[in-house]
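Take a look at this single chain, the form predicted alone, given in structure tokens.
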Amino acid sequence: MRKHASALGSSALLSVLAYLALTGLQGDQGQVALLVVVWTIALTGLNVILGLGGYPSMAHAAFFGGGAYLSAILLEKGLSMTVAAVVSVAAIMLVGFLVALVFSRTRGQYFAIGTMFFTAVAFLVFTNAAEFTGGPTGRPVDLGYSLDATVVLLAVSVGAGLAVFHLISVSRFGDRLRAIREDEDLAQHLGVPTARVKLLAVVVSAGFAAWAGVLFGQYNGVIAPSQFTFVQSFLMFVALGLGGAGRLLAPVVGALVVIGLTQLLNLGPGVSQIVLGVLFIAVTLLAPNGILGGITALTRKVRRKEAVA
């Protein structure tokens, strides 16, 4: 019970902090705050399939962009923002279901390659379906919600998303995902329907990404294919790994490092990738379970020394 209270309390606190950041920061810092919040929401979904299930999905940017573009198109066609958002998220979850149906029986690098191929196809659609997407230069997004309402939705979504992840993590579904991550053959031998569990994990993950895309489009006002490339999917993968995949706060830490660090230090695109690469290697070597895993291990080590002393 205490564990649930701690997780849910942390989620609520992060919603408050997200709201304060979105309303208190302006200019470049405000844009960084937006990206950190949006990425936290999207990465929470990736944490289901990658963090709990151990499957390196590279389709996340495609789901993220799909939610943004589809909601913008539906809003332009005259649907209310709420209906457009719900339909967009549901449609992208259906796309996630189809993607998972194709690749759910693949493993490891084959799953990553398959989902990477899907992201490449999605990027081509975003770029070439100019009548709907605006082409390579992107398109404006009509505002269906007021800016204040969008900020509240962004902030609430951070806490709600983390709370949902916690509930998934402690559920039977979460246990099955961890079993697949540890040894898929053994899990299947013990009766875990591995293909079905992975399929559901991808669908849930796609829903998170699509919702993040909807809110990103509403707050940013402009969307373009360059925001939803394979590189973005890879950076999301890196962010979650840096944070400590599978842990509740990994999306927050990962987004802060990948977005906050590189943007606030004003590093060039090439330099940013080099710095992230070096950081990722360093964290992998020194703390294989990510920054949060490293902090946890260090804390336990200090406590053991204090107990001995």
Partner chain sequence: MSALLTVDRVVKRFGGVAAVDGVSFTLDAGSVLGLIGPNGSGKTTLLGVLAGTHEPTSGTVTLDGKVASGKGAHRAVHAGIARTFQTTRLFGSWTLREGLRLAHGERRGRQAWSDDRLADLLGLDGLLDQPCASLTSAAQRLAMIALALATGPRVLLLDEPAVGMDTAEAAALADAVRRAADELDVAVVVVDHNMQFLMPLADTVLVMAAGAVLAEGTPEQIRADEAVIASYLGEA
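Residue numbers count along the first chain shown, from 1. None of the values given here were measured: they were computed from a predicted structure.
As for the form predicted together with its partner chain, it is not shown, yet the points below apply to it.
Peer 1: Its partner chain is absent from this chain, but in the model of the complex, do T23, D28 and G30 each have a non-hydrogen atom within 4.5 Å of it?
Peer 2: No, none of T23, D28 and G30 comes within 4.5 Å of its partner chain in the model of the complex.
Peer 1: May I ask you to check whether R176 falls inside a 4.5 Å heavy atom distance of its partner chain in the model of the complex?
Peer 2: Yes - in the model of the complex, heavy atoms of R176 and its partner chain come within 4.5 Å of each other.
Peer 1: Using the partner position in the model of the complex, report whether K77 sits within 4.5 Å of its partner chain, counting heavy atoms only.
Peer 2: No, no contact at 4.5 Å.
Peer 1: Verify the contact flag for G191: yes if a non-hydrogen atom of it lies within 4.5 Å of a non-hydrogen atom of its partner chain in the model of the complex, no if not.
Peer 2: Result yes; G191 sits at the interface with its partner chain in the model of the complex.
Peer 1: Is E131 close enough to its partner chain in the model of the complex to count, meaning some heavy atom within 4.5 Å?
Peer 2: Heavy-atom contact with its partner chain at 4.5 Å: absent for E131.
Peer 1: Picking from 177-185, 202-210, 82-90, 154-162, which part of the chain touches its partner chain in the model of the complex when contact means heavy atoms within 4.5 Å?
Peer 2: In the other structure, the partner sits against 177-185.
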